[in-house]
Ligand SMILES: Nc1ncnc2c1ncn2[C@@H]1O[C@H](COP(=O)(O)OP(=O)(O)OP(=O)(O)O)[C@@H](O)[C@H]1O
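As structure tokens, one chain now follows by itself in the form predicted on its own.
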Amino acid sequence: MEKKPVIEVEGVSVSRSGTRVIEGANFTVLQGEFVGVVGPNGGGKTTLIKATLGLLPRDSGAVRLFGQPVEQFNTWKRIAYVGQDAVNFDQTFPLSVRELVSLGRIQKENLGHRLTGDDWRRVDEILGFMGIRDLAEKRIGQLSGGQKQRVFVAKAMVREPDILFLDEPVAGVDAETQERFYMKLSNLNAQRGTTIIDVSHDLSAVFCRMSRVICVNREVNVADIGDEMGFTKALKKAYGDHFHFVFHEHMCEGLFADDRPD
């Protein structure tokens, strides 16, 4: 079955505080893809994501989500976004993990909706999938950084979105926690067919798990992971000619040995 475009970005340029941050971005994301967004700090990765979601104004260009111009798109329950500041949650707020994740079942169109048994079953299913069922009754302030990240992704996933946007979801988290987190995302993409757009500073995670990469440093270049020459060229455009990425076939060996849902 031919996969349909779910995100189309054409000639998008964005300025912030009078400075051009994104210049003429063009890319398409197909249904079910796992796409990495990489580039140096300050290169415009977050700006590109926010402009794609219509959260920032564009100087020029067009964005379509599921074939509709972003300005006319209104079925936002199909999209979930976890920003960099998602975990900056009030540590003293008296909310359990299960209660926080359940808020994902409440949308603009069903404000005041009383959660049903089916809603709570879905919440518990996602807690299990993300490997945090044992945290269900803990308060948010009791969690580690990695645990919080998984909780907020669970809150996004309980909405059952078609597209999940993640902006540096494992920043500041130890390597082992990062690995387990990306295992969960791989399961999510492979088993549920969720389209994932992941802003990441970890090139090994991009190389091992994602089908394509969007390299951002004002200019935007897209390459297939399997195209070594094209991938290297795109990375050098983002990071500079001095950048050197060495491909090793063994890099991902055994990476998914424990890549199973809980």
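In this text, residue numbers run from 1 along the sequence as written. All figures in this text were calculated on a predicted structure; none of them were measured in a lab.
Not pictured, yet referred to below: the form predicted together with this ligand.
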Residues in which of 61 to 69, 38 to 46, 23 to 31, 220 to 228 have heavy atoms within 4.5 Å of this ligand in the predicted complex? 38 to 46
Residue 107, heavy atom within 4.5 angstroms of this ligand in the predicted complex: no
Heavy atom of residue 84 within 4.5 Å of this ligand in the predicted complex: yes
Residue-level contact is defined here as any heavy atom of the residue lying within 4.5 Å of this ligand in the predicted complex; does residue 168 satisfy this criterion? yes
Report whether the minimum heavy atom distance between residue 201 and this ligand in the predicted complex is within 4.5 Å. yes
Need the contact residues for 13 to 33: heavy atom within 4.5 Å of this ligand in the predicted complex, sequence order, or none if there are none. 16, 17, 21
